[in-house]
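Starting off, we have a lone chain in the form predicted alone, written out as structure tokens.
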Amino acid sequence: MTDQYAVIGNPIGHTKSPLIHGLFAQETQQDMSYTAIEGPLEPHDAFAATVRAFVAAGGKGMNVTAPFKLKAFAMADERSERAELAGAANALSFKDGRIVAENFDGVGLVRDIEVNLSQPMAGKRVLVLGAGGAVRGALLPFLAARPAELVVANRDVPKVRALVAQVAASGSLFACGYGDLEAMGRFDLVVNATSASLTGELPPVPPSVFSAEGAAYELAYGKRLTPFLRLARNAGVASVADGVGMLVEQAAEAFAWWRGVRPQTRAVIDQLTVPLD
């Protein structure tokens, strides 16, 4: 019997997940199907009811996207350390009547940067812009990559300081406001994890944070050269990238978690990549 998987979100029409997992299943010869479910926003318990109905119908696992990552985390019986730190889940596994929550966003991001883009973080100065769910999920994987210094900047300084305080013991991690960046010198890697690029805006970051020999990474994807990446290019950064590789890599992590085999990602990334220029 074909195993059932799905992605749930609202809206969901834009999702690339069925295509990605279909290609993964074809490559690894897995007998599985993968569909998209537009989850209900109301009433409050409708999301959980939809997930449980999917499980009752034989569902084995789910990817979770906006705006349901917090609800997925809340309804889980077990949660990974990464999910606990993020306070959110982007993948669920259903086994023996229990729901297990994971968060692969940060792992996928680190793999895309270090493997696909050949930008190892060990011993480097890394700057992350933002303090939302994407950053929360990325902190532990970033620290595991052993940067010399990891700085998280945000408009809401108390918020970012509280976030950093949760994991400060795990490595060289610092919080600051955007106004502090001018005096902090250049970083080897600058990651924009704010929502600014989704609306065509630029986070208030000075060009002085970029290093020509370093890299700039935009979590948004399919937006071509966003204001953030354009700023990096104008500052002389040669290596700029958007988040399509992260999208595929986190999907591969979920696929391996569910199926026990990790698919190749390069061909899928190439298929989905929109040229930045």
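Position 1 is the first residue in the sequence shown; the rest follow in order. Predicted, not measured: the structure shown is a model, and the values here were computed from it.
One more form of this protein, predicted together with a small molecule, exists but is not displayed; see below.
- Item | the small molecule contact at residue 196 in the predicted bound form, heavy atom, 4.5 Å | Output for residue 196 is yes: heavy atoms within 4.5 Å of the small molecule.
- Task: Consider residue 182 of the chain shown here, and say whether it contacts the small molecule in the predicted bound form, taking contact as heavy atoms within 4.5 Å.
- Result: It does not: once the small molecule is placed as it appears in the predicted bound form, residue 182 has no heavy atom within 4.5 Å of it.
- Query: Should residue 134 be counted as a contact of the small molecule in the predicted bound form, where contact means heavy atoms within 4.5 Å?
  - Reply: Residue 134: yes, in contact with the small molecule in the predicted bound form.
- May I ask you to check whether residue 141 falls inside a 4.5 Å heavy atom distance of the small molecule in the predicted bound form? The answer is no: residue 141 has no heavy atom within 4.5 Å of the small molecule.
- Just give me the single entry in 155, 186, 95, 146 that has a non-hydrogen atom within 4.5 angstroms of the small molecule in the predicted bound form. It is 155.
- Item | Partner-contacting position among 84, 114, 201, 78 - heavy atom within 4.5 Å of the small molecule in the predicted bound form | By the 4.5 Å heavy-atom cutoff, the listed residue in contact is 201.
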